[in-house]
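Presented below, as structure tokens, is a lone chain in the form predicted on its own.
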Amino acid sequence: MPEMKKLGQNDPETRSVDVVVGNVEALKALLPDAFAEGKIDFEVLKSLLGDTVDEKDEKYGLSWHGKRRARQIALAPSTGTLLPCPEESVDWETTQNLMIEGDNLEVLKLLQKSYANKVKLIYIDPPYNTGKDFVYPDDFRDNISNYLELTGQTDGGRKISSNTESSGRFHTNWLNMLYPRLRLARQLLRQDGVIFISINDKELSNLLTICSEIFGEENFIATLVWERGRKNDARRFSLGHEYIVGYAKDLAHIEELLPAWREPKEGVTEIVEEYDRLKSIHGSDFEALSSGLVEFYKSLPDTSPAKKYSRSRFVDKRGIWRDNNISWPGGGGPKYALPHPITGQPCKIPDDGWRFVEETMKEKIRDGFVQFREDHTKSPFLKSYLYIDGSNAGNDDETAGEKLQVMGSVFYRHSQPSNDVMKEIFGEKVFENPKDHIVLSRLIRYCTGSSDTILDFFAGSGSTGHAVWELNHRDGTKRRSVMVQLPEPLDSDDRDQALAAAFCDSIGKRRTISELTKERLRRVGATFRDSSGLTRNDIGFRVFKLTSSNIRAWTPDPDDLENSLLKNAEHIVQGRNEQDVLFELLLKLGLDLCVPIQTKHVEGKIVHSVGGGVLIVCLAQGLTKDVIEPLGAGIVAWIKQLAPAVDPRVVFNDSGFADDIAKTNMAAILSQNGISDVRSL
């Protein structure tokens, strides 16, 4: 007789990923000889690894008080869940974006099953450890209770405080906060994924060291400089810059399989638009088109980005080009005879030699990329195209790629300061020094594809979400955003937070940073809608909030065991609804939080189909023997209609069954129809 397994809080299916178990299983598959009676034999393991084991007491690396504990915190599964909040969301039914309110350490753990190896780019702007910003004190024993207490959601004596240098563990506290979060973040990245982290001088060296440990020194991409304006109160040097540290999950994979990263040159679009206008007038009169471009460049102000391309003033059937040096860069190039097409005499050889070997030079001449002078007394030149008009044979990166460029390592402020952007959105400056969403959209566009997922687990004012939407709106792309922000309380007595606290009061929201994040996203999204309220892009977001699991843990009171039994008879936490439990199942079973969900009534009971029938959930009460057979038949019929690509899992509420007989009969009905994976909560 088939049985229905009851899922408890300690079952793997109802917990976040257990990283330790996963690591042990991976090691066991790779080196089974290192295991004896289910335990690791470290002597055997060391012998299998040979000379790669470093047993010296003194090793290169960064060590601090609490590092081992920080590593353990990253490995410990979360006991929490994410509660859905449709009433605070925008376009709940259709959006693919997420805004999660909660401690990012626990949220990163909860996202592991559903989003591991799926995120293309992570950008974070963590606390810079200035002594004023908040560094979250994690609790290895019960971080969910710690989180709820610190954020004022449960009674307790602990309060959020800044990480001052007087604490005695200034750098240690910051490292213990960031280290486990970066370890978890790495697991979410795709093999071709990248992470960018904003930081200032104070913790730059420590950040580089722990990132090299977590991601691998070989996966370092660059340290970018972000110019953000001078500080007028400086006494020695006016430090007007910050840094963005970039690492890849697997840089060798990116270098080997992906095309080079490129971005459009600023000002080129303006030139191409003028070229198209001139072409509509002059057609294929290349001389007239060239003359028109010369006049266009003259008319531009000196500050125009297009002005610097004024050498690209010639036009032929391929497009817009300029003359370029045909000699070997740095000298030492080949010096073969190159006959002039009219005189037949060898052309003058550049002092540094030809830019190409002879065979390649012949190909360039044949394809029209080499322009000869009037006679052989002068060297020919190379045509370098700023813009290729249509697809033409022979164009390559060297001659046709000038429209694109590798991004420089220095970012400059956008023309509209970020504080002015905040004033434009909120009516006042409610957030100090938010990140520039235009710069972020440029970075995201540079490193990601049109449907990739972008994560920011220090979302702050929501600049990253704004950047993704700005990019999607401009380019017609479908990138997804996942924002995570702590509901850090705002203090109206704090001069730096008073405006933000007052703004939250004015809109009837809690005084927390996460409320500002959500409100910014709502207001920015509204600007992308047309007069009818529609938009071609996804500018919605599903809100979820971190809290303790919906599945009740066994917590007996030794002085009142009878009452404890009564309280724990219902497996689901009191006050949680069907939707809450449904989304916890999605998380714990590894399904996307935006996966399609269908709902229908079968024999008067609500049944949910998740992901086209991959998961069927019925949490209804009153499953008596009279209901079981028609309900089971209805579920079977719906599954057959949906025809899921994999064997479905069916989940019921354990307390919904009238008795064990009803529960056993339901398992039997489903089993007879080929549905063997049946569970109860």
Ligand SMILES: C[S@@+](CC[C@H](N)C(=O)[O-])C[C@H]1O[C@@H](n2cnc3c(N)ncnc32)[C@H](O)[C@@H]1O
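On a predicted model such as this, the values are computed, not experimentally measured, just so you know. One rule holds for the numbers: they count along the sequence shown, beginning at 1.
Not on display, but discussed next: the form predicted in complex with this ligand.
Novice: Exactly one of Arg313, Arg552, Arg181, Arg445 has a non-hydrogen atom within 4.5 Å of this ligand in the model of the complex; which residue is it?
Specialist: That would be Arg181.
Novice: Identify, from the list Gly292, Gly246, Gly540, Gly460, the residue with a heavy atom within 4.5 Å of this ligand in the model of the complex.
Specialist: Of Gly292, Gly246, Gly540, Gly460, the residue with a heavy atom within 4.5 Å of this ligand in the model of the complex is Gly460.
Novice: Considering this ligand in the model of the complex, find the one stretch among 574-582, 366-374, 253-261, 120-128 with heavy atoms no farther than 4.5 Å from it.
Specialist: Stretch 120-128 is the one.
Novice: Is there a heavy atom of Gly193 lying 4.5 Å or less from a heavy atom of this ligand in the model of the complex?
Specialist: Answer no; every heavy atom of Gly193 is more than 4.5 Å from this ligand in the model of the complex.
Novice: Does this ligand come within 4.5 Å of any heavy atom of Pro380 in the model of the complex?
Specialist: Answer no; every heavy atom of Pro380 is more than 4.5 Å from this ligand in the model of the complex.
Novice: Closest heavy atom of Gly611 to this ligand in the model of the complex, within 4.5 Å or not?
Specialist: No.
Novice: Hey, in the model of the complex, does Pro84 get a heavy atom within 4.5 angstroms of this ligand?
Specialist: Answer no; every heavy atom of Pro84 is more than 4.5 Å from this ligand in the model of the complex.
Novice: Does anything in 65-104 come within 4.5 Å of this ligand in the model of the complex by heavy atoms, and if so which residues, in order?
Specialist: Read in sequence order, the residues that approach this ligand (within 4.5 Å, in the model of the complex) are Gly102, Asp103, Asn104.
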